[in-house]
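Only one chain is given next, in structure tokens, and it is the form predicted on its own.
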């Protein structure tokens, strides 16, 4: 069941152009850089208010680095990141702080991302103190309101994280992200560490938050079935690049890029009697230290031809708001 497609206004909440992030590769702890790892290699995307954009790909494709670069938790190497019309790349650390409350992240691991020594109330209310949004009774009331929004009773405010289940911890993480009243959320694999039954609850909670608060969201995941449930639009990432972008329904029904087709062929089908032919990829994901020339997917692509090693295909339209980067699309 895919999320219904959002009606998007003319102006995006977030607009990213040619985002790049490289890391030096050193030999030894104090050694000189010997190579460059290109984690994000020219990503462009938009997110509109009230829209959930899914970002999918294998581990090592650059999804998490992309999400953290958008919030400047990791400093990009190049590119433009405009939030509500303001280019975040041109802001100082002090100027950027004004935007922090409007852009928040929900982390993958609800165990590593929570300070075990703080009460749930203090964890959720930390942003209220940092941004000077509420104190005293008003702060306590806001904490209880946030816990209620994520499905936790008021008595959780005085409990410690070790008494909570994984799903409850993730609800705390969501409440903490919502505390400052953000307009944009990066949800980085927020259900991958949870049981299937709990995953559905958290996904429905995120959809409810989107509908009530009209927040835009970048939802990062390697699980295509999860993204199909929640996303309005889907971006497929491979080795630091976006290779396909489409409305969710169009992507799952008419995937155009060979990589997307292979990912979908491995995803489970819902319903009796359904089956599809599995497309098996060749080899392993190449190293981002030494990516292939031309099309980055060519070394594993079952449709690769000689020209793929020389030509880096641009994103081309294959349908309404549907784009893919493949040399075969240029010839069709």
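Positions refer to the first chain, counted from 1. Predicted, not measured: the structure shown is a model, and the values here were computed from it.
What comes next is about the form predicted in complex with a small molecule, which is not displayed.
Check: Taking 39, 59 and 189 as the candidate spot, are all three within 4.5 angstroms of the small molecule in the model of the complex by heavy atoms?
Finding: The answer is yes: all three residues contact the partner (heavy atom, 4.5 Å cut-off).
Notebook entry, point to check: Is there a non-hydrogen atom of residue 64 within 4.5 angstroms of a non-hydrogen atom of the small molecule in the model of the complex?
Noted result: Result yes; residue 64 sits at the interface with the small molecule in the model of the complex.
Check: Does residue 288 reach the small molecule in the model of the complex, with heavy atoms at most 4.5 Å apart?
Finding: Although the small molecule is absent here, residue 288 would touch it in the model of the complex, with heavy atoms inside 4.5 Å.
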